[in-house]
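Next up is one chain by itself, shown in structure tokens, the form predicted alone.
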Amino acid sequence: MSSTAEAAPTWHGILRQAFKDQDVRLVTYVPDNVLRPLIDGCHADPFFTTFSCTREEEAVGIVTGACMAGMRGVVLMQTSGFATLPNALASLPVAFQVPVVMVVSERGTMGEFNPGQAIVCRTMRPILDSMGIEHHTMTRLDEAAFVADRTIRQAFATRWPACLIISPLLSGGRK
């Protein structure tokens, strides 16, 4: 085997590259085990300014303000954290047409043990739909780059929030 062989692509590597390709430099997050490889990769890369927030609403507010000042950002969270966001989304990025990009690790499906996660999982997409927020569920590695790039590109082109939902089919789910 050649020493120059490339490592196999990963969903988190593909997302990091999509952020770079779209000049998304600010990465805010609420800690999550599924998103840990993405978070760690962003922390390790000097291209990004990456930090944790105490609540998802705080992360949305920070990314909204950064975007208004000319810096593109993303909010990383788990499904349950999304449950706290409808008011914050409706009253800030939706009301003022700010392209806040969200990445949500999906729980509540495919063998989930926590009923609270399942409820939020069932309501997340209808809530996004009701606010007109474009969302795509990433399930396949071979489509991940295209879906991530186009979703982020559209958010900034239309000045509207967007959400990438990371399915356990792609991430391997909660271990």
Partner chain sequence: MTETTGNLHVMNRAALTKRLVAGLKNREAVIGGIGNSNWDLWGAGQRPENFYMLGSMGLAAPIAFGVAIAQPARRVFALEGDGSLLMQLGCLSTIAAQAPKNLAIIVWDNGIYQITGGQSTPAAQARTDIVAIARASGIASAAWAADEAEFDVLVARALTTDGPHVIGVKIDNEPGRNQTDRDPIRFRESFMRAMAEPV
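Residue numbers count along the first chain shown, from 1. Quick caveat, the model's predicted, so the values are computed rather than measured.
A second form of this protein, the form predicted in complex with its partner chain, is not displayed here; the remarks below concern that form.
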> Is its partner chain in the model of the complex near all of Val101, Ile127 and Glu134, within 4.5 Å of a heavy atom of each?
Replying inline: no
> Exactly one stretch in 135-143, 114-122, 46-54, 30-38 has heavy atoms within 4.5 Å of its partner chain in the model of the complex; which is it?
Replying inline: 46-54
>> Using a 4.5 angstroms cut-off on non-hydrogen atoms, would Arg153 count as touching its partner chain in the model of the complex?
In response: no
> Does its partner chain get within 4.5 angstroms of any non-hydrogen atom of Arg159 in the model of the complex?
Replying inline: yes
>> Just checking whether Ala83 would be counted as a contact of its partner chain in the model of the complex - the rule being heavy atoms within 4.5 angstroms.
In response: no
> Looking in the model of the complex, any heavy atom of Asp149 within 4.5 Å of its partner chain?
Replying inline: no
>> With the partner left out here, which residues of 75-106 have a non-hydrogen atom within 4.5 Å of its partner chain in the model of the complex?
In response: Asn87, Ala88, Ser91, Leu92, Ala95, Phe96, Gln97, Val98
